[in-house]
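Quick heads-up: it's one chain on its own, the form predicted alone, in C-alpha cells.
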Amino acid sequence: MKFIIFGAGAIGSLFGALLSTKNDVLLVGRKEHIEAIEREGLKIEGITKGIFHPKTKWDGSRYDVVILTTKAYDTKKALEEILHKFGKIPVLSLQNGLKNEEMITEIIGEEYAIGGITSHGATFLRAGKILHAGTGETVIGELNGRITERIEEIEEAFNTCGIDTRISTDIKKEIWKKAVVNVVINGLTSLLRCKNGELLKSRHAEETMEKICTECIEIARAEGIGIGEEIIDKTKEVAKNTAENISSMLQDIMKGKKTEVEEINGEIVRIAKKHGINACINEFLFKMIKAMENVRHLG
C-alpha cells in the first residue's frame, strides 16, 4: 500500500519506519527532522532497532491513505493542508483526543474518515532519531462499524510489518477507551514528572488512577459510550507495557511546549459539564497542567 504519514513526530515516525519495510511510505514532518532522515535515514532504537528509509519527497503520485499523527490541536490545520495538497483521500487518525474523526468528517468528508488508536510508546530523541519505548495493540475501524475492503487492507499492511492490529466494529468506543487511558497516564505523569511505569509503584498514584477512571466511566456512559470497570485494568496494563515511556504530554512540558491537555482532560471536562457531571479530578489536572505550561519553573 501507499501511506502518507502526516505529522511525523515520535509515533508517526515509528509507524512510518515499520510500514516502509514493505510499503511505499511518504513522511511529512518538521523540516529539521525530515532533513536529518534524508541525510542519515530514520534511526529507531529501543524495542525496534534499525535505520529506515521512507520517502521524504512527494512525486505527485496518488497515495491510498493518510495516517494523521499531528498533535490534536493541529488537526484542523493539518486536514486543510492535506485537502489542499493531496485532495480528498482517506485519513486514518492515530491521535489523542475525541474530536479528530469529527474534524476529518467535516473537512475531508464522512466517507474519508477512519478511526484508530495505538498503545505503542515512542519518544522523539532528536531530529532523525526515535526511541520505541513500549509496545501495544493498534485498533482501527470505520466510523459506521462496517468491515470494508480498505480497512482490511490497512489491517493486513500493518500486521505484515509487525504492527499488531485488529479491526473494531465500534471504533468510537475504542477511541473513548484510549482517551481515558490518556487522561490518566498523560495527566498524572505530567503532574508527577515521571515515566509511565512509576504510576504503578506508588499506592497513592495507583489509587488516583482508579479514581480518574471511575470519573471518566460516568462521563462516557452519559455520552452513550458503554465503558465499564475493565478500563481500570486496561489503563494499568498500558502503564506497565509502556513503563519506560515518557508520555507525550510530559515530553511537551519538559520541552516547554504547548500540551494536548485541552483536547484530552479538557475535553472530558467539557463533556462532563454538558451532562451536569462534576469532573473535579480531571478539572484539577487540566488546570494544573495548563499552569505548568505557563509558570516559570525553578532550576
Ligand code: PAF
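Residue indices: 1-based, along the sequence shown. Computed from a prediction, not measured in an experiment: that's the story for all the values here.
The same protein also exists as the form predicted in complex with the named molecule; that form is not shown, yet it is the one meant from here on.
In the predicted bound form, no residue of the candidate spot (Thr208, Thr214 and Asn282) has a heavy atom lying within 4.5 Å of the named molecule.
Taking a 4.5 Å heavy atom cutoff to the named molecule in the predicted bound form, the contact residue among Thr165, Ser168, Thr75, Asn196 is Asn196. Mapping the unseen interface onto this chain, Ile130 falls outside it, with no heavy atom inside 4.5 Å of the named molecule in the predicted bound form. Ile185 belongs to the set of residues with a heavy atom inside 4.5 Å of the named molecule in the predicted bound form. The named molecule in the predicted bound form is approached by Asn96, whose closest heavy atom lies within 4.5 angstroms of it.
Put simply, Gly141 is far from the named molecule in the predicted bound form: not one heavy atom of it is within 4.5 Å.
Exactly one of the stretches 266 to 274, 36 to 44, 52 to 60, 238 to 246 approaches the named molecule in the predicted bound form with heavy atoms within 4.5 Å, and it is 238 to 246.
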